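Single chain ahead, by itself, as structure tokens, in the form predicted on its own.
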């Protein structure tokens, strides 16, 4: 039976590539003082209907839908921010602020498949809760940059495009006017953000046509998108990153606005310089989301970003230095370090005791489960990438140790084996 479209099988080599990304993410996040959390793979539909905007709700995989009165409709999680907000709102008094949390779960979106976009994917999420200063924005951008640097990418390979929803809100209030004379609403502002989010990829005529509702021209909007003057909100963030030596990774770009409804201030997206891939990562501030989710009981500033494994792995394959680093890591993930060759089958009980001892000491160890010729056992050791073959034979309780890369052999005592 074929697998469902948009979902992946992970054979060992594929799993190693994924694990490289996950371990890199975890290592850098912990280096920055983030701690790991997770949530349920199924959430209430209501969580996304209220908090994420119509576009995301249309991409949900629904589960547990019944005809029973009052039954809760569920959905496979398409993102983590609503879950994080729900969890923090429920127990925020239990944690000192600011919270610096990360997770690396899998997500599900029922959308059209294309390069860099599948229906199931792994994603890193890093969030800072309870800190409103620009230093928090800079810290989040810095950890995001270092995630990619740790994968072997440089400022020549990717760029963080930094923008501000606040700047666009001010622009909208100053320039928008409903063509029908009605007062502007929050829904109008969100609709405008959706137009801006697509404007970079859409023909100017199409953008101009949809902007007539707000009595604006495409030229006016595009001119603001191309401006490079940082707002008072963005200036300290840029200065912070420059002080860290990370300024070369960031460019001011008002073409970025982010599509989801809950973003409130600073927003950003990461792209490869060659523009071959979709956004590698994206995020921003969502300062009002906790208040909305708790009906005003919890009001904490918050910001975060997500980085998907599909686009990132595509990008690493395109950059020679990054691909070499990935390939070297995967090659080192061989199945075992030591292979115990049982040259005399009557010594199998002693060999099993040795195998267990080596495994107990933390060494990756394997052996032939069924009797086999010595040559086949050596071949198995080679295939598994073993460093050493430990031969249990006539010399017992001494053993022969063969370094497979050099073919060098030596004889050691039973007691010396644990030091290999």
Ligand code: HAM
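Positions refer to the first chain, counted from 1. Here the structure is a predicted model, which is why all the values come from computation and not from measurement.
There is also a form predicted in complex with histidyl-adenosine monophosphate (HAM); it is not shown, and the following applies to it.
Undergrad: Can you work out which of 308, 301, 74, 265 has a heavy atom no more than 4.5 Å from histidyl-adenosine monophosphate (HAM) in the predicted complex?
TA: Only one listed residue qualifies here, and that residue is 308.
Undergrad: If you check 189, 155, 111, 287 against histidyl-adenosine monophosphate (HAM) in the predicted complex, which one has a heavy atom within 4.5 Å?
TA: After the contact test, the surviving option is 111.
Undergrad: I'd like to check something about residue 123: if you look in the predicted complex, is any of its heavy atoms closer than or equal to 4.5 Å to a heavy atom of histidyl-adenosine monophosphate (HAM)?
TA: Result yes; residue 123 sits at the interface with histidyl-adenosine monophosphate (HAM) in the predicted complex.
Undergrad: Taking the shortest heavy atom distance, is residue 258 within 4.5 Å of histidyl-adenosine monophosphate (HAM) in the predicted complex?
TA: Flag for residue 258 set to yes.
Undergrad: Should residue 348 be classed as touching histidyl-adenosine monophosphate (HAM) in the predicted complex when contacts are defined as heavy atoms within 4.5 Å?
TA: Output for residue 348 is no: heavy atoms all beyond 4.5 Å of histidyl-adenosine monophosphate (HAM).
Undergrad: Can any non-hydrogen atom of residue 213 be found within 4.5 angstroms of histidyl-adenosine monophosphate (HAM) in the predicted complex?
TA: Judged by the heavy-atom cut-off of 4.5 Å, residue 213 is well away from histidyl-adenosine monophosphate (HAM) in the predicted complex.
Undergrad: At 4.5 Å between heavy atoms, only one of the stretches 160-168, 193-201, 309-317, 226-234 reaches histidyl-adenosine monophosphate (HAM) in the predicted complex; which one is it?
TA: Result of the contact check: 309-317.
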